[in-house]
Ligand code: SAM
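Below sits a lone chain in structure tokens, taken as the form predicted alone.
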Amino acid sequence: MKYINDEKINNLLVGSAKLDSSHLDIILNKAKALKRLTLEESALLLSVSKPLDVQKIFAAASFVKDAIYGRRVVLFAPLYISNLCANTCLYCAFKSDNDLIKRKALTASEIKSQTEWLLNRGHKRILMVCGEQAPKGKSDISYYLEAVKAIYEAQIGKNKIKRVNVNCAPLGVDEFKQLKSSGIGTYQIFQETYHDQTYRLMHPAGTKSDPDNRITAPDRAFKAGIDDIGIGALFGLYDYRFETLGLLSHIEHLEKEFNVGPHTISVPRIEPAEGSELSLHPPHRISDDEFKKVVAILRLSVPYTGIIMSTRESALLRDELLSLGVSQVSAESNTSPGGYSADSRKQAASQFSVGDQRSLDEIVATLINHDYIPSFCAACYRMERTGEAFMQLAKPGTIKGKCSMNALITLQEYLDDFASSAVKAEGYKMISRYFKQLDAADQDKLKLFFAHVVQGRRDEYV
């Protein structure tokens, strides 16, 4: 598999069996200075097992997350537009040879209707997720462009979707250029597993069976001008330590080749999927404690990158992971095409089981109760703070000020338009508390933005 040196990773894992406390402190102090860790240093952190040393890692990860992004947590919803798929991924309900599920590809009208449902709940950011096969009569790219257009056309009152990010099959450079021209934010693609032998075993047929075509998709996206990329691994297919170092090796390649690492990293774990026996018994199950360590080490290893946590995980674990480096969470997710408003008896199949069943309002309430500012911001995309421009602000932590202010503005919008009375009360208290912590100049800016929100304006930002 390109960019992944199995021998090097395996040697690092064997050679990092012991890490004394003084060396651990040196690595953690480097991370707390917001400096990228080497692959060797990350491997050493993966070897840590003593409870007190693991807690040191957790504390450092929390420090780094707050230093880069402050207390804001971005919220979004996935919108599955199709479960048609040409691949036979052994862990997925959408695999082409699964005859147990109902298939559906949403029309443009249905996509717009689903988006309106999400808008009515208060969502402003969407991750469009596509099965890796276009409906009959369309090419992949034409279907994706039609879907993005439908999402942006949806509107409820004053509210529209601020930004569409896209998770779809690998494309060619020309197709990526078309996708960029549609106004997307981040292009997201998961390698699933960075272990070549396991990859080929898990993907026996379909276009996805070629690991190199998949791992080079971000390269083609960068060449097409999409400079915000999201990557990830599906934990449970192979040794989590190898997957973590494989993910970091991929990031090293992107940084070297394009001077920009990924905008986001996702860390899904295998969850039960209808028609997939393997999903019920992951070959390399990763425990909650191991999973928490992975999230924390990724935060320390790549401090500038957003870490996404999906609703695959339980509400309790997701809340805990916020303090270990997670900076973006999905909310009120449905992984079935048309699932947000469909009769459950007629609903097309979901990709996997959802663990966190809370509504958006309940998740907003939880964030506020844990002193995290819920954010629906998409300002960086509008202000062209993407790619290298974003990294220049994120790496030293100077993006935090903009993130916090924009989070407060979007929280005010949510409270005024959608929140329950209990969430409104606590949310306004949070805004007041954080407002008082700002200097006079920023307070004056926010006063103006808040006045505009009261007047009915939406989607303003710094």
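Predicted, not measured: the structure shown is a model, and the values here were computed from it. For every residue, the number given is its place in the sequence shown, counted from 1.
Absent from the display: the form predicted in complex with S-adenosylmethionine. The rest refers to it.
This chain is displayed without S-adenosylmethionine, yet in the predicted bound form the stretch 270-278 from 355-363, 248-256, 270-278, 324-332 comes within 4.5 Å of it by heavy atoms.
Screening Ile101, Ile215, Val129, Ala150 for any heavy atom within 4.5 Å of S-adenosylmethionine in the predicted bound form leaves a single hit, Val129. For the candidate set Arg163, Arg241, Lys292, Arg312, a heavy atom within 4.5 Å of S-adenosylmethionine in the predicted bound form is found for exactly one residue, namely Arg312. In the predicted bound form, no heavy atom of Ala378 sits within 4.5 Å of S-adenosylmethionine.
With a 4.5 Å cutoff on heavy atoms, Tyr80 counts as touching S-adenosylmethionine in the predicted bound form. When contacts are judged by a 4.5 Å heavy atom cut-off, Leu234 counts as touching S-adenosylmethionine in the predicted bound form. Using a 4.5 angstroms threshold between heavy atoms, Cys92 counts as touching S-adenosylmethionine in the predicted bound form. Shown without its partner, the chain has Phe190, Glu192 in segment 179-205 as residues with a non-hydrogen atom within 4.5 angstroms of S-adenosylmethionine in the predicted bound form.
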